[in-house]
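Below, in structure tokens: the form predicted on its own, a single chain.
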Amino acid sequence: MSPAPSLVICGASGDLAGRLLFPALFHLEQTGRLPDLALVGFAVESWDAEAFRAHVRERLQRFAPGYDDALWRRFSSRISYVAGDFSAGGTAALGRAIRGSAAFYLALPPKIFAEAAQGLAAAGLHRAQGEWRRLVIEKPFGVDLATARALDASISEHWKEEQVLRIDHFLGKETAQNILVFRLANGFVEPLLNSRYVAQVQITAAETLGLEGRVSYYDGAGAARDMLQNHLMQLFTLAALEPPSVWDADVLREHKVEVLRAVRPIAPDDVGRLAARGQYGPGRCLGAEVPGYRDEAGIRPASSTETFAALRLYVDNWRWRGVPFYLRSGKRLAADVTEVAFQFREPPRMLFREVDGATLDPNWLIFRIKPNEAIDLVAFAKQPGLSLETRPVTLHTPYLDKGDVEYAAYEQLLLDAIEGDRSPFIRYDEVDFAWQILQPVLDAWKTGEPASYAAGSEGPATADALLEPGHRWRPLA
């Protein structure tokens, strides 16, 4: 009888494992969704299994809302530990401990992804031997096009593409997946999502948070690398892709690549017209006075890192010809909002202008991911009363019904990684095309300064210059 598959968490003593991965696995155990699975921690600390279990228990008591001792006893029986690193021979003990199918989750600093992939392969852990072996990698996948290609070359030296699962946790969010389902399962929606009926698409990921302890990473990355190249680019592909003929991981990912391949390249001379960046200054956010970015602890006084980034993209295919897609993301903004919003073209308004003299706002179909997962359709109806006047109405559908079990993004993605469903993971050519789109912007931003915006605001005024005439950003507050 084959042993139970193993999930090996490399970097098991770190923040990602303790704050997100083990609580996600614990909740799957609690809801009865965690399959027969051995959980193996791998880290440099010279712990024994009991010391590691004590560490995991402390993390769960802090970060797992449904923690209880009885559930812990059952969950902890799955857990073992191997100490080591990724140097020559450092993975030998892990190689001896793992038998049968296994997924290796790299909960590690991105700079050692390549070293980890090579070290695991040196111990023969990439070879399936009749079972399966998978490598799970967190974003970021490189810091630019050149480093992404170098990382892929290092990983693919031993690991096949079908073994590599690149995680973007936005793709594990229920509403992100629901963009596809709502688009493709409803005959009254899909025929309208094209250039004949849609005037613009806005994809937003706004945060009120500042750096929150991520100084060392963020000041070398910035908003474009941290959010646009991965999270927002993935939402963009879900919003724009053609309906696949079958629900198959490879077919779905090919359709996502087709979107990125069809994006009109941004010429160096057009960066100022099609991209905008900003950096937050001091201001008031969530009722509290907060410092500007350059006044944050650990930030260089003259840092030119952008904390806000926005793009205007065009998909040069039949469906989306001429429709602008606006992508924006930033820190210390007016509200925590993540959404994909389609604005429909206006119908003739003369009748209603003559009646009430009003200029009607456009209709929107909005997929809300944050703060509350929902689908909204902004429409117009008659104002109650004796005169013929209009008023906006929002047809609001919360994603969760009473009694529904909510699963976090990491719970969904961990389960998919274990079960071998590759559809929510990113293929390398998606990564490459996304970097190709963004690289001219990054090159142009090596000089100059980001525009300043007040913390707690809607972002820099320069972002308005991206918009076509008649368009305006959806308000965050």
Ligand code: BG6
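Model, not experiment: these values are computed from the prediction. One-based numbering along the sequence shown.
This next part talks about the form predicted together with the named molecule, which is not shown.
Can you pick out, from 255, 99, 158, 214, the residue that has a heavy atom within 4.5 Å of the named molecule in the predicted complex?
For this set of options, the contacting one is 214.
Using a 4.5 Å cut on heavy atoms, which of 78, 294, 370, 345 is close to the named molecule in the predicted complex?
If I apply the 4.5 Å criterion carefully, the residue I get is 370.
For residue 169, is any heavy atom within 4.5 Å of the named molecule in the predicted complex, or not?
So residue 169 counts as contacting the named molecule.
Please run the contact check for residue 227 against the named molecule in the predicted complex: heavy atoms, 4.5 angstroms, yes or no?
Contact with the named molecule, yes.
Find out whether any non-hydrogen atom of residue 152 is located within 4.5 angstroms of the named molecule in the predicted complex, and reply yes or no.
Taking the distances in the predicted complex, the answer for residue 152 is no, it never comes within 4.5 Å of the named molecule.
Does the named molecule get within 4.5 angstroms of any non-hydrogen atom of residue 339 in the predicted complex?
Contact with the named molecule, no.
Just one of 169-177, 232-240, 120-128, 195-203 has residues with a heavy atom within 4.5 Å of the named molecule in the predicted complex, so point it out.
Within 4.5 Å of the partner lies stretch 169-177.
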